[in-house]
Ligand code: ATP
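Let's start with one chain on its own, the form predicted on its own, as structure tokens.
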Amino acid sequence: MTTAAHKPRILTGDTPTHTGLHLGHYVGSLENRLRLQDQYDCYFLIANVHAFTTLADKPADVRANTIGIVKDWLAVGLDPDRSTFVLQSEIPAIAELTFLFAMLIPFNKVMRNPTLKTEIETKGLGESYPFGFPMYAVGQCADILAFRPDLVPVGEDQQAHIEMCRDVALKFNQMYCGVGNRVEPQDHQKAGGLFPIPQAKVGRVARLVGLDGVNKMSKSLNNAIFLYDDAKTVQKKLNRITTGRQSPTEPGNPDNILMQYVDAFIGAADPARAAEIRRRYAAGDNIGDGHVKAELGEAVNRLLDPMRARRAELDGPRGDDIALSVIRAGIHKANAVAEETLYRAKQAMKLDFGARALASQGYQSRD
């Protein structure tokens, strides 16, 4: 078997702004993480510091949400024996790299980031957001580049952040590592660059629309189905979907939210059945929205059943201790990688003035 040291690396993660993850996270990124655990050296990051951009006055919530995300990861099937779980607040190198990378990105470019602008609008932050809110876009670059990954599995809405991260890596390699501006991104490390230029890997469903049919599925917009929702709650939420269709014999829009969910969840297991539903729905062939929602609920609940069972076990008396032990197990390995990155970055920037030992990785700084 290929060892982790020789595997290409992945970094991705989640921000603990809610107690758990939802179906949008699953089809957008979690599915990819599950498939890639054996092919890649995987680092999965919980961005608990970034959660303070909107929850600074609720530290207990951030802590509880952090534990909840770990439980969801374990329930989904992410394996800490095959992947490294990373807690952002325990990796000091990320904060230092954030400050250094902030010198490489024009402020107006950060504020033009479409993902950032959308979050400010959808969360109704107006002009009241803290300086740390736009700063987290730079922090995401540090989250990623601290681990020098080749791929970042994300949903479609996060691609703007990955583009910013690529820009930072390109500029750093050119400014401090002597990489020429005509060198192709995939050749930067061969040309002496510290950082690979990471690529986004979008999930099977690039953007899952929320139950409101307008915005992406989101924890903060009350339009999400969570991975821990029970079967009745799942069906009740699906029944809220509105299409404007009045009759089973009325031809339906084959691209509406209901059909998108049919493709995403019925089609994942039975593409032929999803195609049949879509054909009959578009033709008005005696198939009502209620029937489709019931069949859709069965498909979603089949997907969630094993996750819910594992999550229920983790919500037992020892669940928090298990989650905390998993977090702590990843700290040493994650810090070894991130500290090596920081050391090399400071060398490239002529900031290596003091002694810095990295014995676990075989690196020793100069006296």
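All values reported here derive from a predicted model rather than from experimental measurement. Note that residue numbering begins at 1 and tracks the sequence as displayed.
Quick note: we don't show the form predicted in complex with this ligand, though the next part is all about it.
A.B. asks: Go through 206, 125, 269, 231 and name the one with a heavy atom inside 4.5 Å of this ligand in the predicted bound form.
C.D. replies: Among 206, 125, 269, 231, a heavy atom within 4.5 Å of this ligand in the predicted bound form occurs only for 206.
A.B. asks: Check each of 134, 254, 155, 297 and return the one that places a heavy atom within 4.5 angstroms of this ligand in the predicted bound form.
C.D. replies: Selected residue: 155.
A.B. asks: Tell me, yes or no, whether residue 148 is in contact with this ligand in the predicted bound form, where a contact means a heavy atom of each within 4.5 Å.
C.D. replies: Output for residue 148 is no: heavy atoms all beyond 4.5 Å of this ligand.
A.B. asks: Flag residue 174 as yes or no: does it have a non-hydrogen atom within 4.5 angstroms of any non-hydrogen atom of this ligand in the predicted bound form?
C.D. replies: Heavy-atom contact with this ligand at 4.5 Å: absent for residue 174.
A.B. asks: Please run the contact check for residue 280 against this ligand in the predicted bound form: heavy atoms, 4.5 angstroms, yes or no?
C.D. replies: Heavy-atom contact with this ligand at 4.5 Å: absent for residue 280.
A.B. asks: Any of the heavy atoms of residue 220 lying within 4.5 Å of this ligand in the predicted bound form?
C.D. replies: Close contact exists here: in the predicted bound form, residue 220 approaches this ligand to within 4.5 Å, heavy atoms only.
A.B. asks: Please identify, from 60-68, 26-34, 326-334, 306-314, the stretch that has a heavy atom within 4.5 Å of this ligand in the predicted bound form.
C.D. replies: The contacting stretch here is 26-34.
A.B. asks: Going by this ligand in the predicted bound form, which residues of 85-121 come within 4.5 Å of it through any heavy atom?
C.D. replies: Heavy-atom contacts within 4.5 Å come from 119 alone.
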